[in-house]
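The chain below stands alone and is given as structure tokens, in the form predicted alone.
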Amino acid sequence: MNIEFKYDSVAALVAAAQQAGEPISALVLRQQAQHLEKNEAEVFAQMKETYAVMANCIEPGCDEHLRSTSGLTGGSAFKMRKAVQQGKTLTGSVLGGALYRALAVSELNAAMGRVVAAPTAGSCGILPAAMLTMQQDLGYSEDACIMALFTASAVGMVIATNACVAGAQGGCQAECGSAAAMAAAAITELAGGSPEQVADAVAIALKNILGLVCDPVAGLVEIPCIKRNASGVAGAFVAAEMALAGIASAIPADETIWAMKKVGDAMSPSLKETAEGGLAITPTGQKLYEQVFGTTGGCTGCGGCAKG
């Protein structure tokens, strides 16, 4: 079967899956194999290697003594996993497991241990945490989780085509937002959701993070980025839960992506990874900059610090 569809809309992915009577992932795997002039087994094997890299980030990322090069972050994944293991989480082991895995991948990234761009380094923990939690806490097979990554990848390509996935261009909504949408799509398909439900999950995930600014303290992808990865995977599960329950998004996924681009275009440059706005220019943010670099940086002269 010759698959001819472009990654220009979520609606096109859904329509192709409906026509073929298959999950989006199956179509993407077949199409990518044709495009790369490889067989499906070879392409699947490549994705399996990627998944293994994601999985191999968890243990080192949960090291109690792990610290980033700047010294600003590290150790949060260890604390979160300890709380899960001791049964001290409010929401149970599934969400707790997703949180510590997102933190682990992000903290290992910040410590220059391994960079997993999914779709970016700043949002690297969300998709791995979602899939590994589905496998390790909810019992889905490794192969099924790997297949779901093809659906996530397709959603990521649509977002990149019609909006962006870079914080410097669209704010953190473009990074953690895109990753949350990709993860929500993967979770939904993996849990047996229809292609239409996958699209609803994408829309819900993006809507819930629309407008999020990119304001890295000291210009480093650590604060608040790492904790936003934990929030992003939680949002992905929220979106998937609603979509799987039959709750449709009033605004279609493609229009939500369009809205994200418009919001990003309207966003002030100070809120797009320049470290000139948001949390980066708070008094504590400025102190952390000085702690890392020895001098105060990122000041816009707004007088906010003086006003307290």
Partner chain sequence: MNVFDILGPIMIGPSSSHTAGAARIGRIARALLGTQPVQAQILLHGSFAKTYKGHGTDKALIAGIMGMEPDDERIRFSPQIAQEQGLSVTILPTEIDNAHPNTARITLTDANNHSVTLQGASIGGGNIMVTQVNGMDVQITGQYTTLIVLHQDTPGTIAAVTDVLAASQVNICNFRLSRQKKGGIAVMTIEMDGSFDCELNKRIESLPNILSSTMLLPN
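Positions refer to the first chain, counted from 1. These numbers were taken from a predicted model, which means no experiment stands behind them.
Although it is not shown, the form predicted in complex with its partner chain is what the next lines describe.
Although the partner is absent here, residue 75 is not a contact residue: none of its heavy atoms lies within 4.5 angstroms of its partner chain in the predicted complex. Its partner chain in the predicted complex is not approached by residue 89, whose heavy atoms all lie more than 4.5 angstroms from it. Interface membership of residue 28, defined by any non-hydrogen atom within 4.5 Å of its partner chain in the predicted complex, is confirmed. Contact annotation for residue 245: none of its heavy atoms lies within 4.5 Å of its partner chain in the predicted complex. Per the 4.5 Å heavy atom criterion, its partner chain in the predicted complex is contacted by stretch 33 to 41, the sole one of 249 to 257, 278 to 286, 236 to 244, 33 to 41.
When you look in the predicted complex, the only residue of 93, 161, 194, 136 with a non-hydrogen atom within 4.5 Å of its partner chain is 161. A single residue from the set 157, 223, 213, 132 has any heavy atom within 4.5 angstroms of its partner chain in the predicted complex; that residue is 157. Against its partner chain in the predicted complex, the set 181, 201 and 270 makes no contact: no member has a heavy atom within 4.5 Å. Looking at 88 to 125, the residues that come within 4.5 Å of its partner chain in the predicted complex, counting any heavy atom, are 109, 110, 111, 112, 113, 114, 115, 116, 117, 118, 119, 121.
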